[in-house]
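Quick setup: one chain, the form predicted alone, written in structure tokens, and binding and motion questions come after.
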Amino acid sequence: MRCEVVAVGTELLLGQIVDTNSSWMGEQLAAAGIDSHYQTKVGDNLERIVAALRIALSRNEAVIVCGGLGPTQDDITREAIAAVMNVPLERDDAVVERIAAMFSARGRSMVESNLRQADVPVGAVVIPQTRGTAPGLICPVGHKVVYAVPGVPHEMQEMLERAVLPDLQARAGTRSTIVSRVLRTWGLAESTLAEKVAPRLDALDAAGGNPTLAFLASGIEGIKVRITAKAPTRDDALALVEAEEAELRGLLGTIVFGVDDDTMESAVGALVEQFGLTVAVAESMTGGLVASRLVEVPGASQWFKGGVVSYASEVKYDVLGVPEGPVVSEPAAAAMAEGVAKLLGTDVGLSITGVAGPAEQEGQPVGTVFFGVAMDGRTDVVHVRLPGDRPRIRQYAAISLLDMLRRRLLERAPGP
């Protein structure tokens, strides 16, 4: 069973409202084992809505239309569906009574325009509304079906779960579920990552393409590898996903830093907490970005002691004990990491110093960055050249320092 989501509303096309409804419905369809290969947005225009529905029905067994069921003149989803079904609209007296009762219960009078919400294409089944005034619709189109649900998120979600998904699964005849998991990676370009994963892609294709893999570029936050499996039960699908995750981790190693909603800072925080360490950071060019990311982790107060934004050279010399000399250098980064750990009494000291632009500094070109990690009696410094404009260089630098700490922590023997 394939189902397309068609979101109706000119405001979606103008960017005035972000279409979170379609994303949510996509997740629910996947969890219910319903394939969804397309999502469409269309404005409040009858001809274009009709065309979008016909195209969607030509490539799917089911379509969910979201929005355009309100009482105003631009709410024309009902008319569009009736045109696709080639039937007239008729007023449903039972729906009129429900809408009137809902207004009465709120101490309000129903205006004439609300009667439009009781207009139903002949042959359609009404999905009763429990939270608002716009009922949903189940509309047969030959051997296919169009569902209409309100655009108000909480009304749509309740209606989808109560009526649409069960009807879809009943029409599909077999129950299945789709489970996805995202591996978060950092440190490789998308093309290089794809080359590493190529053997698994070939093996999965040869075995029938279940599970499947997809690459999702996330800019500064790295590359995601999504594993998706379909099976009769959630446990079966999850087993397929977990087996494939193990294969990919074997191929990719430490470039995988987390799954799903994990962030680089949450991955670092988990390791720091595992080893019972405390952390401090000295930042120059990032001006507090690293510290800001670390404090986003729930419970960070247990292991993150604080930071020093040593933007001026004098602060590096006077507060952190950096020797007089170039501050965009390996010795400065090492001294900053050691100095902040000593100053704040932590097990781990981090540092970052560099040139974000717009002009070179101390003879170093824009994008030059030095990272320092002082831990376990050893101080490591890495020198890199980062691409992009000033904001991107600073953001790349912050996550790169956190990844450097993560890799150092992974070198440690397992904690007690």
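Note that this is a predicted model, so its numbers are computed, not measured. Residue indices: 1-based, along the sequence shown.
There is another form of the same protein, the form predicted in complex with a further copy of the same chain; it is not shown, and what comes next is about it.
Shown here without its partner, the chain carries Ala270, Gln364 and Thr379, none of which come within 4.5 Å of a further copy of the same chain in the model of the complex through any heavy atom. At least one heavy atom of Lys305 is located within 4.5 Å of a further copy of the same chain in the model of the complex. In the model of the complex, a further copy of the same chain lies within 4.5 Å of some heavy atom of Gly187.
Although the partner is absent here, Ala52 is a contact residue: one of its heavy atoms lies within 4.5 angstroms of a further copy of the same chain in the model of the complex. Taking non-hydrogen atoms only, Gly287 approaches a further copy of the same chain to within 4.5 angstroms in the model of the complex. Contact with a further copy of the same chain, judged by heavy atoms within 4.5 Å in the model of the complex, is confined among 164 to 172, 78 to 86, 239 to 247, 342 to 350 to 342 to 350.
Put simply, of Glu221, Glu330, Glu97, Glu314 only one has a heavy atom within 4.5 Å of a further copy of the same chain in the model of the complex, and it is Glu314. Counting a residue when any of its non-hydrogen atoms is within 4.5 Å of a further copy of the same chain in the model of the complex, the hits in 207 to 234 run Ala214, Phe215, Leu216, Arg226.
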